[in-house]
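Below you will find one chain, with nothing else, as structure tokens; this is the form predicted on its own, and questions on how it binds or moves follow later.
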Amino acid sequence: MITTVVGSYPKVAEQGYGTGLIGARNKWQRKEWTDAQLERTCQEITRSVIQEEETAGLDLLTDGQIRWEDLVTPIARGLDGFEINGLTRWFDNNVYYRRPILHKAPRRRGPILVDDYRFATRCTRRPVKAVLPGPYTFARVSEDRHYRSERKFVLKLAELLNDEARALAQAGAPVVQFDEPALGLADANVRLALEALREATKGVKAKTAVYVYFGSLDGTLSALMRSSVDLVGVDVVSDPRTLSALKKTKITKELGLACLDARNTKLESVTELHALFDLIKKRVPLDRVTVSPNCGLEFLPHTQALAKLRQLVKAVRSYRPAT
């Protein structure tokens, strides 16, 4: 089994890098700091996060998404056509994001995340994956005042995200992950989301993955197994029905087993993680399984997030499947 994170990491650390990012952003917003000064701080904290992921023992890293306000804003800012609006609640979390509003046909000015990705790879010898919003979720959490057509909007975003995914793969990303939490919604348009994923992954010369969290996937998981990605990541923490869906679905993709609760400080035991691995190995070979938290770790205090990663690695390394 491969250990990884979904993407984000706490931006504030009681130890280590402390509240440096918040202070840097405040100074930058007051125009007391230049873009270059803010970027230096972001790089310092990114380097610290990657070192912590390494120390915890993760196999596949991310840059911690330290520069990201939320899943969609960094991409929306890099596209012509969007205005970043006021705060809106992010799904069912007590977290808010700035809702992008599309006013005209979006256009990608050039690579958005490639420079940040290349910096992250220079901080480690371990593989670093790239993370992008899925086109369907991007559209669902945005407001479309241009196309006024869900399908046109979603597929245009898929085209633009495909350009970014290709650029990240060309920069060396071994995995390009698309986050699609909106697929866990009861009214999700699964057919459109899968059509968009086909467009977003087309020609990407890297392993592709989709992660769905905050939903049961009951009735959706079979469709995801027919999607264009190589790996399907499922959240078995938020809703117990997902585990039931896994038991009755033929698993034809690599499986991302999101098994740590990233919205609860309670530390999972090695014993309960081993019991889950016992169940999963009956459905899919463990060399085709990647384990992770069920969503970004930014919802947790830094010390607890790091403890969960260490526990995950400990559980994987100590697991001995019964023959």
Partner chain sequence: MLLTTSVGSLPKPDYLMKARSQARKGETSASALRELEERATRDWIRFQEEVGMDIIVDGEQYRGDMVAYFAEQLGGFRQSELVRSYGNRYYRKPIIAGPVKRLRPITVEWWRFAQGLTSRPVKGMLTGPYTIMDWSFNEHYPSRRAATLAIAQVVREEARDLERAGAQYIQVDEPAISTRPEEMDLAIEALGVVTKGLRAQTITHICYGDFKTIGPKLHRLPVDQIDLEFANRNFELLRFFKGRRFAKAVGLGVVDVHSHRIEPVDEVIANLKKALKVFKPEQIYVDPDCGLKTRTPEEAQEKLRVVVQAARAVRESLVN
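Numbering follows the first chain given and starts at 1. These numbers were taken from a predicted model, which means no experiment stands behind them.
Unshown form predicted in complex with the partner chain; subsequent notes refer to it.
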Though the partner chain is not shown, can you say which of 39, 254, 298, 52 has a heavy atom within 4.5 Å of it in the predicted complex?
298
Looking at 115, 92, 150, 218, which is the one with a non-hydrogen atom within 4.5 Å of the partner chain in the predicted complex?
92
Find out whether any non-hydrogen atom of residue 263 is located within 4.5 angstroms of the partner chain in the predicted complex, and reply yes or no.
yes
Contact between residue 69 and the partner chain in the predicted complex at 4.5 Å, heavy atoms?
yes
Would you please decide whether residue 34 lies within 4.5 angstroms of the partner chain in the predicted complex, comparing each non-hydrogen atom pair?
no
Consider residue 12 of the chain shown here, and say whether it contacts the partner chain in the predicted complex, taking contact as heavy atoms within 4.5 Å.
yes
When the partner chain is placed as it is in the predicted complex, which of 95 to 103, 192 to 200, 154 to 162, 175 to 183 ends up with heavy atoms within 4.5 Å of it?
95 to 103
Residues within stretch 1 to 26 having a non-hydrogen atom within 4.5 Å of the partner chain in the predicted complex:
11, 12, 14, 15, 19, 21, 22, 25, 26
